[in-house]
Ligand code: SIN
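Just one chain follows, in the form predicted on its own, and it is written as structure tokens.
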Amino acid sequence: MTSLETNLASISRSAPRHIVVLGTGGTLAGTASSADDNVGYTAGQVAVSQLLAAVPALQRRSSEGWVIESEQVAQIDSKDMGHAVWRRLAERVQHHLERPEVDGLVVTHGTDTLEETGYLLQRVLAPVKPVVLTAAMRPSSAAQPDGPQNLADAVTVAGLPGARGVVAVLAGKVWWGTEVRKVHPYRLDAFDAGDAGPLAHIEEGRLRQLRDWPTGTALGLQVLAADIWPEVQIVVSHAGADGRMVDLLMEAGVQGLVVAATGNGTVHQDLQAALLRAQSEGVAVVRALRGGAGCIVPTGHDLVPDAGALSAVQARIEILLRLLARRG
């Protein structure tokens, strides 16, 4: 048994842990009219306190002396995630991280924008305690929901001595918050991290760790303080692409642009011409992967900087945060 497995195995025998669970809605809190319906549900219907009460493993933790608090930060379908909820969530995460008695946090979230929230929280807070995002692909009303197990695993990871940083726990895997991305619209094992792979696997309540916990430098909550955030948009390079969308966004006052590029970061020549015009006028422009794994390998003569292994939506968050930090 590894030292990490020993840590997990000894949690129930050592001092109880204090975990705060912040709810934001999502499929995990969704309901449908039939237990056989896994897609025609309404997200964000069940309170996070009710979700916790329905997980036997968490009730056992409570009987062992664990303190598991809950707070409803939002109740939305994560496709509708926006700046106001992000700021509120980051504020509440920071508030509970500063409480000395709290060992870790769990954030229940929808799967659609989980990779964006994970990236933002890690870059803004870079916490030394664990902040664990979890979600579900099936609603709570499903005949075989995946949410309860994900929630139990997330609380376990949040209570692990030595755990740190923003991570995501889904389908028995632990992902780094800046690497995770949704890669499938339906299956339970719907997340990946490209070439990086998972940080760990959770197997029968034990952690089998593959890589170190994430670290980083926090930008700080003040970076999210602006009432009006910069306008950062994503355009896609594809066969027949041109620069008209870029020109329209320029007229609308866009401040940052991510191009979801083909191949090894390649961009249609007509679209690239428009992006270079935008770049020359002070717009922050970056190329990101349109899909798949891997990262953009620099050629040495690239005219537009690349975002490495970041997905287009993660690259958008990075530009957004840099523009916000510049304002400060």
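Quick caveat: nothing in here was measured; it's all calculated off a predicted structure. Heads up: residue numbers just count along the shown sequence, starting at 1.
FYI, the form predicted in complex with the ligand isn't displayed, but the following is about it.
Asks: Of the listed stretches (161 to 169, 75 to 83, 199 to 207, 95 to 103), which one has a non-hydrogen atom within 4.5 Å of the ligand in the model of the complex?
Replies: Careful reading of the contacts points to 75 to 83.
Asks: The ligand is absent from this chain, but in the model of the complex, do 179, 290 and 311 each have a non-hydrogen atom within 4.5 Å of it?
Replies: Not a single residue of the candidate spot has a heavy atom within 4.5 Å of the ligand in the model of the complex.
Asks: Just to confirm, residue 132 within 4.5 Å of the ligand in the model of the complex by heavy atoms?
Replies: The answer is no: residue 132 has no heavy atom within 4.5 Å of the ligand.
Asks: Does the ligand get within 4.5 angstroms of any non-hydrogen atom of residue 111 in the model of the complex?
Replies: Yes - in the model of the complex, heavy atoms of residue 111 and the ligand come within 4.5 Å of each other.
Asks: Tell me, yes or no, whether residue 41 is in contact with the ligand in the model of the complex, where a contact means a heavy atom of each within 4.5 Å.
Replies: Contact with the ligand, yes.
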